[in-house]
Ligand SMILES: NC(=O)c1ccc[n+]([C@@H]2O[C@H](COP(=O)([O-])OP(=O)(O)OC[C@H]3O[C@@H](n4cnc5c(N)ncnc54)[C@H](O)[C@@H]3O)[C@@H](O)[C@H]2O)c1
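Heads up, the chain below is alone and in the form predicted alone; it's given as structure tokens.
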Amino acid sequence: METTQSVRDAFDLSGRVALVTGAGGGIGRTTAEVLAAAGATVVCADVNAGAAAETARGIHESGGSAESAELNVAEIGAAATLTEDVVGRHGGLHVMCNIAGIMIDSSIIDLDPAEFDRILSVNLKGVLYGCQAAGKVMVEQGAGSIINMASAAVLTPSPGIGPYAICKAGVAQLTQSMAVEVGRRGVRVNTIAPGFIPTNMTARYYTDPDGTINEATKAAVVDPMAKHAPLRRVGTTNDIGYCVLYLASDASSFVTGQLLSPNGGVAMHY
């Protein structure tokens, strides 16, 4: 029989170590905060070392356990080096969240090859490197959860973000292929594909040239999206952070190779 305590225990990450890339802001920052609040020791990694440190500071001030690290996910060997350091100091790695990502706006026809290489390096290769680094540790441990960040763009194509969607589709396939390979060793690999979430990445649609948010333009962008969604709202970073918690925790112990898409119902799939 399930009890209040057994249900709480299923989501409890006490004693576990989590590495979150892209933790300097947006979904990555909220994910780090949620995992720390669930009891994990969180390594907040970001290409922006100052932003990563700010996330870790906030977690400490809230009573959680966190540290920060500078990480360029596109750099070959960087994820492996950081993972080795984390394991050496903490004795293991139990949760890996590959969240770091960038965006370029371009049609497929006009896509610049150099820009495509740049987004592939971060959004697909960066996830691959993170999966490899964490996967080797977790296979040796005989347990672990890897959570990769894709996008609802893989379910509902939109003009102008094709290069981004291509990378995220690759992430979804990478997840499934790896899940098959490492499942017998007790390692789970899943994908989250968020719908529209107002973050620094999406703010390009409503940021003025001086860098400030234009609230009128933001409303013009966000309100129609909310009205189009069955739940009549856009998402928040918390919506995604709690999905990560589910996949990181024992509550999802029978879930691997899956794509979970919190998008308010805008895109539905089997």
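Start at 1 and count along the sequence shown; that's the residue number. All of these numbers come straight from a predicted model, not from anything done at the bench.
Just so you know, the form predicted together with the ligand exists too; it's not on screen, but the next bit is about it.
The single contact residue among V47, A38, A53, C243, judged by any heavy atom lying within 4.5 Å of the ligand in the predicted complex, is V47. Comment: the ligand is not present in this chain, but in the predicted complex one of I197, M178, A78, V87 has a heavy atom within 4.5 Å of it, namely I197. Shown alone here, V43 lies farther than 4.5 Å from the ligand in the predicted complex, counting heavy atoms only.
The shortest heavy atom separation between T202 and the ligand in the predicted complex is within 4.5 Å.
Contact annotation for I102: at least one heavy atom lies within 4.5 Å of the ligand in the predicted complex. Using a 4.5 Å cutoff between non-hydrogen atoms, T191 does not count as a contact of the ligand in the predicted complex. Proximity to the ligand in the predicted complex holds for all of G26, V122 and A150, with the criterion being a heavy atom within 4.5 Å.
Partner contacts here mean any heavy atom within 4.5 Å of the ligand in the predicted complex, and among 183-191, 133-141, 78-86, 164-172 they occur only in 164-172. Residues from 64-87 that approach the ligand in the predicted complex with a non-hydrogen atom closer than or equal to 4.5 Å are L71, N72, V73, A74, in the order they occur in the chain.
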